[in-house]
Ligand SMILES: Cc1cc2nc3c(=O)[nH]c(=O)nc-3n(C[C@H](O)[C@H](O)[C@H](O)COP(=O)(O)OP(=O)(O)OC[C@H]3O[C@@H](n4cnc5c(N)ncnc54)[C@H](O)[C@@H]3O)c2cc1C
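One chain comes next, on its own, written as structure tokens: the form predicted alone.
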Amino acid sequence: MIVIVGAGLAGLACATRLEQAGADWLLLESSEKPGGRVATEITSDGYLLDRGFQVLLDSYPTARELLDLQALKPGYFCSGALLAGGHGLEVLLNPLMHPAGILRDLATRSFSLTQKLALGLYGAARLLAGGDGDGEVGHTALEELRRHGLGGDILEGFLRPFFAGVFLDNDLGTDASVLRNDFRKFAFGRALLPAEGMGAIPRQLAALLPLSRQRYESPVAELLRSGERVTGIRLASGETVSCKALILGTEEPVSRRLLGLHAGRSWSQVTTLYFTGVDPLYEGGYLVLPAGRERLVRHFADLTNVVPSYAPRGRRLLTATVLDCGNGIDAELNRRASQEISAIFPGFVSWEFLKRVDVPEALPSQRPGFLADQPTRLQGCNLWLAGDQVARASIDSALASGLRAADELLATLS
């Protein structure tokens, strides 16, 4: 039997491939439900609170292969952003998705015509280059942008607040290869939210698999070995499960502990603040990008503009992403966040704080050299790793890594 440890997106994708191949497999998960970091809490009042601000792009090829996007009943963000800077509120649209908005983009006062042309040239270069491969560039995203004339106002008013929220890295110290790949995916895709929250994604994948092969609340304590081979695993309960091969789709710190490896890479943390109100702040499914490097709130969005079901009838739900909350107490953090948002939308003063969600290990470091810091995919002759511990940190990369691990395993068995 093949054992998969971890029912995150990578583990679920791996199980899907093994089930398609008719293999004998078992999926073990320590928590009570699938999804890992892709999860949604449903409050007693009916709010849907994702574990951090996350979206799914319909340009993700593996997601399109494995998921029934329409069954998720998605709501789509506008492909662009609402810029909140020194020139007031201005809409910036992706010309590939909203060609009618090109004239509006050219009239945007937040940055100069020269910078707009530089952004267009950089975008064209990324599209013409196609996929940027799996390698690193060796310099940071910030260096990449500045090399292409994308510093100054366009950096602080658009690129930093947008991509810092994607990378969870306000310094944009992430390797430029990640910027190139994400730039292309956002250019060609639309960001969506499922009607039942991001947790609907792993639920859909798990529902397509035999329930008898999925075991939850079954944390793994130890790997059992004979030489270089893994022969089984021991659960925290003391139960042992034998296996012919093993795939670890666990988070990197857990995998390293089970494998006896050193601590490894640093991780980025993120705090999401949820607020609720009655009156809308703005129209349209936009992500709001406050200009400036030193902002507490890196970006925010009224999720009910995108998916009304994220809040109970008559209420609205706003998510605010904070990358560095410091050591301040909750009340001070909420006050500062509310102050920043109210400075942009004065009507926000009537909104109420709902909940704080901390994700201490949200994304692994992807700074230059990160690929060398990743553990190798094959650990011994019958043990594979899957997930963002051996791939880029994105939903699609996690899914693809699960398929890749299953395909490599099946190839050895055949």
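Heads up: residue numbers just count along the shown sequence, starting at 1. Since this is a predicted model, take the numbers as computed values, not measurements.
The protein also exists as the form predicted together with the ligand; that form is not presented, and the subsequent description refers to it.
K.L.:
So in the predicted complex, are F53, G249 and I395 all sitting within 4.5 Å of the ligand, heavy atoms only?
P.N.:
Yes, because F53, G249 and I395 each have a heavy atom that approaches the ligand to within 4.5 Å in the predicted complex.
K.L.:
For the chain seen here without its partner, which of 375-383, 55-63, 41-49, 347-355 has a heavy atom within 4.5 Å of the ligand in the predicted complex?
P.N.:
Single hit among the candidates: 55-63.
K.L.:
May I ask you to choose, among L371, V359, L26, L69, the residue with a heavy atom within 4.5 Å of the ligand in the predicted complex?
P.N.:
Flagged contact: V359.
K.L.:
Hey, in the predicted complex, is V254 touching the ligand, heavy atoms inside 4.5 Å?
P.N.:
Contact with the ligand, yes.
K.L.:
Would L409 show up as a contact with the ligand in the predicted complex if we use heavy atoms at 4.5 Å?
P.N.:
No, no contact at 4.5 Å.
K.L.:
Heavy atom to heavy atom, is S110 within 4.5 Å of the ligand in the predicted complex?
P.N.:
Contact check for S110: no, nothing within 4.5 Å of the ligand in the predicted complex.
K.L.:
With the partner left out here, check for me: in the predicted complex, does some heavy atom of S218 sit within 4.5 Å of the ligand?
P.N.:
Yes, S218 lies within 4.5 Å of the ligand in the predicted complex.
K.L.:
Even though the chain is shown alone, can you say which residues of 187-209 have a heavy atom within 4.5 Å of the ligand in the predicted complex?
P.N.:
Going through 187-209 in order - heavy atoms within 4.5 Å of the ligand in the predicted complex - there are no hits.
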